[in-house]
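Okay, here we've got a single chain as structure tokens, the form predicted alone, with questions on binding and movement later.
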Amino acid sequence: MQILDVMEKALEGTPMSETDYQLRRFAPKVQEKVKEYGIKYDPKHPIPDDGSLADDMFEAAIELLAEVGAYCTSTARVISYSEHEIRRAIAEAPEEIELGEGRDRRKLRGRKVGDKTPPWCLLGTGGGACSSDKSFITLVEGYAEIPETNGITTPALTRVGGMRIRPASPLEVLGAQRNAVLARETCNRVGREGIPIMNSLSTAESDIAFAAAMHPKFGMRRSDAYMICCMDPMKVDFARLNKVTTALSLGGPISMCYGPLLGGYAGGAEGTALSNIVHHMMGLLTYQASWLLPFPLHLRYVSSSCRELLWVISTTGQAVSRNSHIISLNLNYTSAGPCTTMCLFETTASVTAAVTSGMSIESVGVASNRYEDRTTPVEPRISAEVGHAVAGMKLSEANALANKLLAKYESKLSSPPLGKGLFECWDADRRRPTREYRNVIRSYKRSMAGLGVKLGEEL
């Protein structure tokens, strides 16, 4: 499947309105597959240990994509794929990709359930917003200094030259270019010259800003990775395909990121998990993706740490890793903000669900990524420590741990503490958390030790 094949399908596919595709094609077909395969969410097992469930969900996802296709909003047509095309794309998906340069060059590989190999740790804000160059530099500097960091996911600038960035404007183009320059310069200043920047340009929402900032003079390299988002459910437009075409011309690996909403078009936990799996296959075909980045979210909480979402993350990872070598990294979001133990317990639960189920991680979107400058380098560092600590843990043990973690924060998800802003709990000059945040971290790590998970020394 090549980009020209995708365009032919987008131009010549079955005409259909977006509403009909979403409500009359996609949504009912998801529920039909859930019923047909007997997919059931069990709240007592947020991290289930049922290989047959995972295998059934993978097969259901293949059938779902073959029956509903993807949807191009620019042409109002369905992009159809045969079951043969889907299975061939799964079989031919890359087993590994090399990213970074020099001593920071590494191989990103798919993982398996119970894999003792530490997860690939793509660390940062998950595209969270920052208000200034100072915030951007402080965050990226902190991410690059985390020992477990394999790749950087940069924050998104919201202002350039003191002006708030407007979509598809010269301000967005300038902001995206500045995003690239600052990211590379900041990694250089802390001795991580070769580390890959894997979400490319968080500031570039439009295709023109994306393409403009891709010029090598701004610091992007073929050894970086290009993340392009999909619209829920299973939708693409020409702007996103323009990004795909640009990235393909540069030779860098593409990731399709997507966030099915629990309570959205796919319905509850069962349908959301099925949607999450099928998007992996859609990404291989439509976006020419080499690796995939799901971030399923709860419609109400806008986070991924609730009981249902842990099940969605775990079943997705198990289905994909048991039945393919697709490279998948789960991006998690917390409801609580920095300088709270709840935030750290939330990311611990989500990371545990992903890593023990055969995925690597991107971490972390803090406080639902709703606020500027409400994230620090602490949360991704804790996520990485947890990812390394739970690698190889049995699913039954991970489930027991998840239930104990949920007991610490589950009742607070509807009104989580927002914690403190970046410079309120992170000392930018000394590049470390404030004394108050260090006390929070100590309390959290004592609790984790009591749960049988020993983490690193004090930050």
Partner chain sequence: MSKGVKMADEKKLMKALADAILSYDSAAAEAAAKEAIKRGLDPLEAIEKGLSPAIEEVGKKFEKMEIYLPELMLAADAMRSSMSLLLPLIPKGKALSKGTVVIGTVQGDIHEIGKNIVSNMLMANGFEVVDLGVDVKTSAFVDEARKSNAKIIGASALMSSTIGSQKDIVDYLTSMKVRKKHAVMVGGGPTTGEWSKEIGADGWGEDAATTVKLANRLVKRK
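The model shown is predicted, which means the values in this text are computed figures rather than measured ones. Positions refer to the first chain, counted from 1.
This protein has a second form, the form predicted in complex with the partner chain, left out of what is shown; the following refers to that one.
- Only one of 135 to 143, 336 to 344, 101 to 109, 224 to 232 places residue heavy atoms within 4.5 angstroms of the partner chain in the predicted complex, namely 224 to 232.
- Taking the partner from elsewhere, every residue among 167, 205 and 267 has a non-hydrogen atom within 4.5 angstroms of the partner chain in the predicted complex.
- A heavy atom within 4.5 Å of the partner chain in the predicted complex is found for one listed residue only; from 75, 158, 242, 288, this is 158.
- Taking 237, 83, 193, 96 one by one, only a single residue has any non-hydrogen atom within 4.5 Å of the partner chain in the predicted complex, and it is 237.
- The shortest heavy atom separation between residue 299 and the partner chain in the predicted complex is within 4.5 Å.
- At a distance threshold of 4.5 angstroms between non-hydrogen atoms, residue 129 is in contact with the partner chain in the predicted complex.
- Although the partner is absent here, residue 189 is not a contact residue: none of its heavy atoms lies within 4.5 angstroms of the partner chain in the predicted complex.
- Proximity of residue 11 to the partner chain in the predicted complex falls outside the 4.5 Å heavy atom cutoff.
- In the predicted complex, 370, 371 are the residues of 356 to 376 with at least one heavy atom within 4.5 Å of the partner chain, listed from first to last.
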